[in-house]
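Single chain ahead, written as structure tokens, the form predicted alone.
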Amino acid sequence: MKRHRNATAPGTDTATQNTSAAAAYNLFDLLSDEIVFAILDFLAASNPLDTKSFSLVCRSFYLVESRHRRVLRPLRHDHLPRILSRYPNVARLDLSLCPRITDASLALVSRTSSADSLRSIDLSRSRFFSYSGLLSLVLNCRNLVEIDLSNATQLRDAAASAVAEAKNLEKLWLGRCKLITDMGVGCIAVGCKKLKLISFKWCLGVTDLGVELIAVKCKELRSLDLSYLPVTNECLPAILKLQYLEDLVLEGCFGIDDDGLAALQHGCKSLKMLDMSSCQNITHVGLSSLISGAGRLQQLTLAYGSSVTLALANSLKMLPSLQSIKLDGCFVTSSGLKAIGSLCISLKELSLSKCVGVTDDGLSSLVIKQRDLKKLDITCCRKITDVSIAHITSTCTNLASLRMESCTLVPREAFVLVGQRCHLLEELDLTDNEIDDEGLKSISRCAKLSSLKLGICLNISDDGLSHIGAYCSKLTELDLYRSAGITDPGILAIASGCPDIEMINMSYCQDITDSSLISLSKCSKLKTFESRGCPLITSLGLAAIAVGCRQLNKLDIKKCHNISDAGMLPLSHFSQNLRQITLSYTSVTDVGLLSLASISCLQSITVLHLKGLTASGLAAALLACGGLIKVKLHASFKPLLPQLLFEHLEARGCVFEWRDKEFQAELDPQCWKLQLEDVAQ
């Protein structure tokens, strides 16, 4: 249909006509919802705050954004009525940040217009709800396919029977629901036959009977987590008959042993992931029985289990598809590592973190055939030297992740090889190593690097860090904890060359001043900032961070003695996304602490040894900060605060932690490292 042009009075100029036409006719209305939703998806991916700005443009944009939103993660339960009425098409409701979710809250969810669209709800950190709230939820939200009830330690079998009414449920997490027994599990097994994933981690009331009921009734199970359950070998035959089972976690199942596994006639052919961490009673004998016929197994975790010997390695030869092996905390032998290298030639991930017995001979023999390796973790393998690094870097040139914290015998020259040969690295952890500026200069060739950890690296300086800033523009995470050679020029190089930085830790880099913070204030995506133990930082620098980094959600300024109330006021005004703050040993007083009440997102606060803080000021701040869920205080305040205050805050879902630490003087970085090495030995 042709639109008619509005009549225009004679003498009206063209500019006025165009302005009037634009006001009367919104070109944005020509776009379909699908196109507008695609634009909003793009905005949300680049910066979630942009979608909020979009909704504030005009009423039509506000309504479009309301229809578009599919995921909600409110910070406070009292926001639920307003946001549920605004967003009618929510498919996933994450309440893990709301500790106080009552039966009334769940009833409210079940009555809203989004009840029909709701498919997933996360209650993993919530408390105060019971059977009746869950029953109301599942009866009215018939399309629910995912429910996370982890850590709901108050729930009993009655609550499990309510969950059983969710007939379309496919995924259920019950981690640490210690009061649920086999009777409740039986209700779930009968009512939720479409289950594809269930986690019973630390459900100490669930035994072999409950597991067998799930295995018999829920034939479509793909993922089963039995971590730390008091189960025995009796439940295994039923589990292994699940023809679609892909992920099986038996971590800490001490009742399962070699005798029971050896009696099995066959393994599970459909398995793709098996976790047998901390299964002290299972050796290569039982493992061989469990994985027999499991030719599709891709990921195997045996952390903190039996020794990695030649016999255990030989049992892996029946796994041609194996891509990931995690042996963290195990005692390993060189013969075992050599055999793994020869038998498992398609590995993409290998983790030997904190393994005892890793030597140059064993590790070099293992990696020399692993040309497809993408991830390698050799954290705390303290016996390896540059020999291992030479073999790793010459063979595993496709590495995307290398973690080698505290490999203290590796000399500084070896780190040059990492940069020369492993150009595809995205994650590199060199914490507590001998790397120097030449090593950093070499590593700067890794243009894809997004995460770099250089904590307790005492040989690096601004010169080396400037190379990282110049060539690693994709860096989003940088850890410089206790790397005392780093000062303002190094941080300036990072701020200038890495505009997408989201996390930086420069704690105990004692020569850092406000200049570093002013330079970092231009990094608008910064979310986590840790500068504890930097005595030269003042409120001026903190104010710059508050003004420039509006996405900041975690702040640690412990032992920044020159930060006072003057730094808190800009935070209270500009840092509206701040969720966690540590203020211990600063010069903040009652006034500064109370000003933080204007940050509605604030959930966690640590306050130890604030000389200017009084009991009355603390009480006022705690009452005013309505979203607090965790407060860490010095024990001296406990008798000074009224009991009614604690009861009121705990009823809101707040948890108190008390510390009785005396004031501690800061050690020189070199002395601190020597103390750490003494503890490690």
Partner chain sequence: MVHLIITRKGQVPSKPDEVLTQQQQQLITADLTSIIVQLISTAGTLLPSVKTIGQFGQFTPKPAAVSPEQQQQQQSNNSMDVEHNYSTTEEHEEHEDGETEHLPPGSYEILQLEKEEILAPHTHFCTICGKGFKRDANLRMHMRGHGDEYKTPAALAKPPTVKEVGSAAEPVIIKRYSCPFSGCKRNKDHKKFQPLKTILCVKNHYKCNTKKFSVMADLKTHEKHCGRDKWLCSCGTTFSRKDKLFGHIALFQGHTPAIPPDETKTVVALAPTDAAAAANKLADGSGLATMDFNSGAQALMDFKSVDDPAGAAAVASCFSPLNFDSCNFVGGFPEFNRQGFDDSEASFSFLLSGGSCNYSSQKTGGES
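Treat the numbers as computed from the prediction; the structure is a model and nothing was measured. Positions refer to the first chain, counted from 1.
Below, we refer to the form predicted in complex with the partner chain, which is not included among the displayed structures.
**Q** For the three residues L197, A238 and A262, verify that every one has a non-hydrogen atom within 4.5 Å of the partner chain in the predicted complex; reply yes or no.
**A** Negative, none of the three is within 4.5 Å.
**Q** Under a 4.5 Å heavy atom criterion, is G133 part of the interface with the partner chain in the predicted complex?
**A** Close contact exists here: in the predicted complex, G133 approaches the partner chain to within 4.5 Å, heavy atoms only.
**Q** Is it the case that H634, even though its partner is missing from this view, gets within 4.5 Å of the partner chain in the predicted complex, heavy atoms only?
**A** Judged by the heavy-atom cut-off of 4.5 Å, H634 is well away from the partner chain in the predicted complex.
**Q** Contact between Y228 and the partner chain in the predicted complex at 4.5 Å, heavy atoms?
**A** Contact check for Y228: no, nothing within 4.5 Å of the partner chain in the predicted complex.
**Q** How about K52: is it within 4.5 Å of the partner chain in the predicted complex, going by heavy atoms?
**A** Although the partner chain is absent here, K52 would stay clear of it in the predicted complex, with no heavy atoms inside 4.5 Å.
**Q** Can you pick the stretch from 363-371, 101-109, 381-389, 519-527 whose heavy atoms fall within 4.5 Å of the partner chain in the predicted complex?
**A** Result for this chain: 101-109.
**Q** Work out which of A158, L492, V145, A311 lies within 4.5 Å of the partner chain in the predicted complex, going by heavy atoms.
**A** It is A158.
**Q** Can you pick the one in L623, L640, A45, I35 that has a heavy atom within 4.5 Å of the partner chain in the predicted complex?
**A** Exactly one residue meets the criterion: L623.
**Q** Using the arrangement in the predicted complex, list in sequence order the residues of 110-129 with any heavy atom within 4.5 angstroms of the partner chain.
**A** Heavy-atom contacts to the partner chain in the predicted complex: only F128.
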